[in-house]
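One chain comes next, on its own, written out as structure tokens in the form predicted on its own.
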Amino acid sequence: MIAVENLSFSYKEPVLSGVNFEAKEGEVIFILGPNGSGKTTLLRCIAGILKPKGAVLIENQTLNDLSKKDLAKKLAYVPQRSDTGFLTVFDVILLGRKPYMGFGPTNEDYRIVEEVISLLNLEKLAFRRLNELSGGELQKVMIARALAQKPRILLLDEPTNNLDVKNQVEILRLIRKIAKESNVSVISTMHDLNLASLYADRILMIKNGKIFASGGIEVLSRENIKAVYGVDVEVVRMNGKVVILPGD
């Protein structure tokens, strides 16, 4: 579905160096690493917002081969922070259909918006304005707008940031449901190691702009976490899952 090949990026100083990985259809990948390790920059490179060295291929086409409209039909990006405004929830989600519109929205566009609103249980918020929403509600609306694009790849930057436990679980369950039922490749940054261990198919651990470890929950070892985050932890295994606790 998507391949990142020898990707590097610098602002004034190098941020990413020699990053390589692939994401399959229906796979949920979480990118873990400390602040400043390059997680968000990597997402922005994949989304075509930044121009890295190396290559990003989507269904065997490079980003340079795709127009902005064609890219928006294949890939949707939800940033960590979204601007609030006076548009209604319905209108914001309808903006996700923009890559498909000619002179205006069609009945099909409205049908897809209504379908996404139902999927995320946003019916009661549909005609509320964005500046009236809570953080969790706003995050769900931004994900809904991305889903209205009908993407093959969904990029999420800290989708559970500043959310309570209920909303964290609801959004992560939704992400997995979308990935598995619609064969969407999901690539998301994440700070919470325990949540990542529960909902990821694959984990990429980044240190100093390079992939330090890649694999299933087995990469969340005490040694890897110490090497990447510089902190001692206890890793407890229960029923095929891991729980990560601060060490003394």
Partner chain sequence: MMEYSRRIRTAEIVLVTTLIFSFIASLCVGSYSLTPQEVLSSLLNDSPILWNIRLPRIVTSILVGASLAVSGAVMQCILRNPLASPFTLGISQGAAFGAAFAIIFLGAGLLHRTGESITILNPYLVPFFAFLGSLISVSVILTLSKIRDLSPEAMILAGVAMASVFQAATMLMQYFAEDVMVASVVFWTFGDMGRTNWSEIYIIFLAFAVCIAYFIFRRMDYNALTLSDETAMSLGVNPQRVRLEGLLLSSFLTAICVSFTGIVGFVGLVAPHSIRISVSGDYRYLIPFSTVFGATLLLVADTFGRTVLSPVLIPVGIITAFVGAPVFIYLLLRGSWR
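Computed from a prediction, not measured in an experiment: that's the story for all the values here. Positions refer to the first chain, counted from 1.
FYI, the form predicted together with its partner chain isn't displayed, but the following is about it.
This chain appears without its partner; in the model of the complex, the one residue of 158, 170, 137, 91 with a heavy atom within 4.5 Å of its partner chain is 91. Residue in contact with its partner chain in the model of the complex (any heavy atom within 4.5 Å), chosen from 133, 120, 87, 163: 87. With the partner left out here, its partner chain still marks one of 175-183, 193-201, 213-221, 64-72 in the model of the complex; by a 4.5 Å heavy atom cut-off that stretch is 64-72. Looking at residue 207, you'd find every heavy atom of it more than 4.5 angstroms from its partner chain in the model of the complex. Contact annotation: residue 98 falls within 4.5 Å of its partner chain in the model of the complex, judged by heavy atom distances. When its partner chain is considered in the model of the complex, residue 83 lines it closely, a heavy atom lying within 4.5 Å.
In the model of the complex, residue 116 stays away from its partner chain, with no heavy atom inside 4.5 Å. In this stretch, 49-64, the one residue having a heavy atom within 4.5 Å of its partner chain in the model of the complex is 49; the partner itself is omitted from this view.
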